[in-house]
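First comes one chain, alone, set out as structure tokens in the form predicted on its own.
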Amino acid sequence: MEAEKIIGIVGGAGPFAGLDLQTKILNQTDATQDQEHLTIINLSQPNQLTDRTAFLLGETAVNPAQAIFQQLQLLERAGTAVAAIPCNTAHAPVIFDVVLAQLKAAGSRLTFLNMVYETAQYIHQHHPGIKRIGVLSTTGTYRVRIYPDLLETIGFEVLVPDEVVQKTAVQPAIYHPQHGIKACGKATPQSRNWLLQSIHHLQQQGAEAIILGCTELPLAITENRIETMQVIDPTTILARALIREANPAKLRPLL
């Protein structure tokens, strides 16, 4: 019988999102006592990780890929065999592909999961009737079209907020220094209101589902459905993918 694999989390991008992923791994694991849960190493070094959106928008020249790679090396040396970073923006090719190339060059045996790919496959398999998908994300993810570029290749129509809604509602819900989820670690009434406005904006365009394409967003939007729309949480999808890779026998049935 193959040994159970240790799960690694690059948990500082951002720290609350890292904790959310770990919690969702626990929630999605078929276990009735402490000893039956999987081994997880959550490495949170946020001070080493350049803000991913700032890099993609040209506000800093420091690519966070190097720090992500270094933290993955630490996780691998600690015994992890499968790992992920709960940050959608870090999956921009100019970041994620660099990390993959560095792992390959270093001879790493680590399986580094791609959250955006896992999310696309999940929708394709479990919601085949959905055709028009809205995406809420950081402005970095928005600018480089991380979700549209992948989802459109497998037949989905992707809807995103217009520039005004992105600037005045979605991005502040994540980054606002008083009301944003990154600053508070949870939803505030203002951040949730911004996001609900944005979801309604996409629904008016015809969205049948909404991807919470920033890992802070599931901290504010916890519903599985909003009105007629399916809510897609990539963090939960990533949690299930990590369990699948570590020990598929411990993956709870999908509700």
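All residue numbers are counted from 1 along the displayed sequence. Model, not experiment: these values are computed from the prediction.
Form predicted together with a further copy of the same chain: not shown, discussed below.
**Q** So a further copy of the same chain isn't shown here. In the model of the complex, which residue out of V62, L57, L38, I226 has a non-hydrogen atom within 4.5 Å of it?
**A** In short, L38.
**Q** Report the residue, out of L43, L219, A67, A209, that has at least one non-hydrogen atom within 4.5 angstroms of a further copy of the same chain in the model of the complex.
**A** Contact residue from the list: L43.
**Q** Within 4.5 Å of a further copy of the same chain in the model of the complex, do we find a heavy atom from each of L100, L159 and R192?
**A** No, the whole trio is out of contact, none within 4.5 Å by any heavy atom.
**Q** Where does a further copy of the same chain sit in the model of the complex: which of 110 to 118, 176 to 184, 90 to 98, 150 to 158, heavy atoms within 4.5 Å?
**A** Only one stretch qualifies here: 176 to 184.
**Q** Give a yes/no on whether A105 approaches a further copy of the same chain to within 4.5 Å in the model of the complex, heavy atoms considered.
**A** Output for A105 is no: heavy atoms all beyond 4.5 Å of a further copy of the same chain.
**Q** Any chance G14 has a heavy atom within 4.5 Å of a further copy of the same chain in the model of the complex?
**A** Yes, contact at 4.5 Å.
**Q** Is there a heavy atom of Q22 no more than 4.5 Å from a heavy atom of a further copy of the same chain in the model of the complex?
**A** Output for Q22 is yes: heavy atoms within 4.5 Å of a further copy of the same chain.
**Q** So in the model of the complex, is a further copy of the same chain close enough to L26 to count as touching (4.5 Å, heavy atoms)?
**A** Heavy-atom contact with a further copy of the same chain at 4.5 Å: present for L26.
**Q** Scan 45 to 62 and write down, in order along the chain, each residue with a heavy atom lying within 4.5 Å of a further copy of the same chain in the model of the complex.
**A** Read in sequence order, the residues that approach a further copy of the same chain (within 4.5 Å, in the model of the complex) are Q45, P46, N47, L49, T50, D51, R52.
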